[in-house]
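So this first bit is one chain, no partners, the form predicted alone, shown in structure tokens.
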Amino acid sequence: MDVLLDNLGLFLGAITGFLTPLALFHILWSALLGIVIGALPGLTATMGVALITTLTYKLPPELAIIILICVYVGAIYGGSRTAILLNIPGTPANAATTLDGFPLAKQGLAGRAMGVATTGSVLGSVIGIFFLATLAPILGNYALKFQSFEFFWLAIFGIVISGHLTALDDPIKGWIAGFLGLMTAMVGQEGIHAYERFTYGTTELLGGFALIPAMVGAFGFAEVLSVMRNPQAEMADNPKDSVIPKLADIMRYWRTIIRSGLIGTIIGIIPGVGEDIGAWVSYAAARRKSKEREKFGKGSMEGLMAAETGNNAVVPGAIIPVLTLAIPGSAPAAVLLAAMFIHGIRPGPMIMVESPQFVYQVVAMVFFATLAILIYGLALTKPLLKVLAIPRTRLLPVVFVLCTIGSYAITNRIFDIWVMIGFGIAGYILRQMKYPMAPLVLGIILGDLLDKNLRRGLVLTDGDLTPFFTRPICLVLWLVTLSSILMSIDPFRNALQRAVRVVWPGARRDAG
């Protein structure tokens, strides 16, 4: 009880700390900017957070992080506007929203659909906030048991799971992207003895590839190149009906809301998976459990609610491993993690020892960001739709300039601009071949973690690999990782299914 009261006191103190005119000003403009970024096709949450990161260097850490979180939350929510009216997801997280959002708009229910999307987004965030406040301290204390052996397997686990879930049709492509990221992270001076690797005499590569230019290129410039190939979409009629959600829509689908919120939070905690997977898994679960299954894909309020609840619940869920393990749960969370290090904040297992108040400050930040999207979603929906009329011929050059300035501003090196362009072109090519970008960026982030902890563990054991496989947490991690790989191989999965049917003849009937 004392611990609960202490945590509640920290949370209330964090809430009070942001009730200042300056903090509220930053919350309002950054959440609005995030919604605009999410609503504009071609701009993603990752790009928005990465670009704004370069503008927050001189701000106090707390204000800088709350701006980035508001942009993050706002962008994931803002993408639903485009998905409903243009049938184009404003961000990848809103892809599942198009399935029912656009059919509802074509039926003249665009206002009601956007009201349901707003409700789902807010409630999904609230469910995620609850678990962020309760699970982060617990996981932070448990993470103190992690040593080099566990962190090595955690990095491998993150790459494998991220690659599997972001490329469901062909997990091998996800794994290739992830390990390309790990290989990229090996460039430069290694972290223990500063030995040069893969620099080929180039002094600019001694520090490796900077994370922000690489991410801006892979998600920003690559997205610009991809959008330029797509035809301009036609917009559905502006909503004539009310955007205020009906209480009946909320109460009728309360099971879907809770289920999608839980799914989204869990998906968010898994390293490198992201909001789009949270939306699709929530949508699939809602369709499987729904009594109105035939409406899904044709204009289902329940399907729309599930997708928007799921993707927004991922946001606080993705921040949980950022704070406790220094491992991002999604691509925007990866930029947020980099921003925390830039501003002198050290997320990881020691966070609950060194600065437990910061965890609750982050909870308060997500809470205020959620309030902001609720206000904007209900009050400014129709005015915000005017941003969709911006011609892409004017928008994309501005985005490219921001990508260039953002990459250069970090260290004032022209080399970082070339890094951004190189990763942008590589990202564009990989996208055309259906390779996911999230595992690639996660690999760049986790490469240093994997490299240092593998060699540190070998030093501690004098070259003995046994502890990497026999320590309890390591045993669980490598077994789960191996199982994920084997279950992605069709012959093995089919053989396992046949074995299950032999042992349990009623398995197929019961599953049906």
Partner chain sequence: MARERSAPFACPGIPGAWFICMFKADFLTGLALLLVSALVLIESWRMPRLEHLKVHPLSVPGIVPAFLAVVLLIFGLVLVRRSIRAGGYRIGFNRDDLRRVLAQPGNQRLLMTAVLTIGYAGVLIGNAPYWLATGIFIFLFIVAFEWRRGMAGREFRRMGLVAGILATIITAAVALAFERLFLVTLP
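On a predicted model such as this, the values are computed, not experimentally measured, just so you know. Positions refer to the first chain, counted from 1.
Not pictured, yet referred to below: the form predicted in complex with its partner chain.
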Would R471 count as touching its partner chain in the predicted bound form under a 4.5 Å heavy atom rule? no
Do D451 and its partner chain share at least one heavy atom pair within 4.5 Å in the predicted bound form? yes
Consider H26 of the chain shown here, and say whether it contacts its partner chain in the predicted bound form, taking contact as heavy atoms within 4.5 Å. no
Can you check whether L55 is within 4.5 Å of its partner chain in the predicted bound form, heavy atom basis? yes
Let me know the one among L262, A338, I421, A285 whose heavy atoms come within 4.5 Å of its partner chain in the predicted bound form, would you? I421
Between Y435, F149, Y376, F102, only one gets a heavy atom within 4.5 angstroms of its partner chain in the predicted bound form; which residue is that? Y435
Look at the stretches 305-313, 72-80, 396-404, 202-210 and give the one with heavy atoms within 4.5 Å of its partner chain in the predicted bound form. 396-404
Is its partner chain in the predicted bound form close enough to V224, Y408 and D462 that every residue in that trio has a heavy atom within 4.5 angstroms of it? yes
Enumerate the residues of 194-217 that have a non-hydrogen atom within 4.5 Å of its partner chain in the predicted bound form, in sequence order, or give none. Y195, R197, F198, Y200
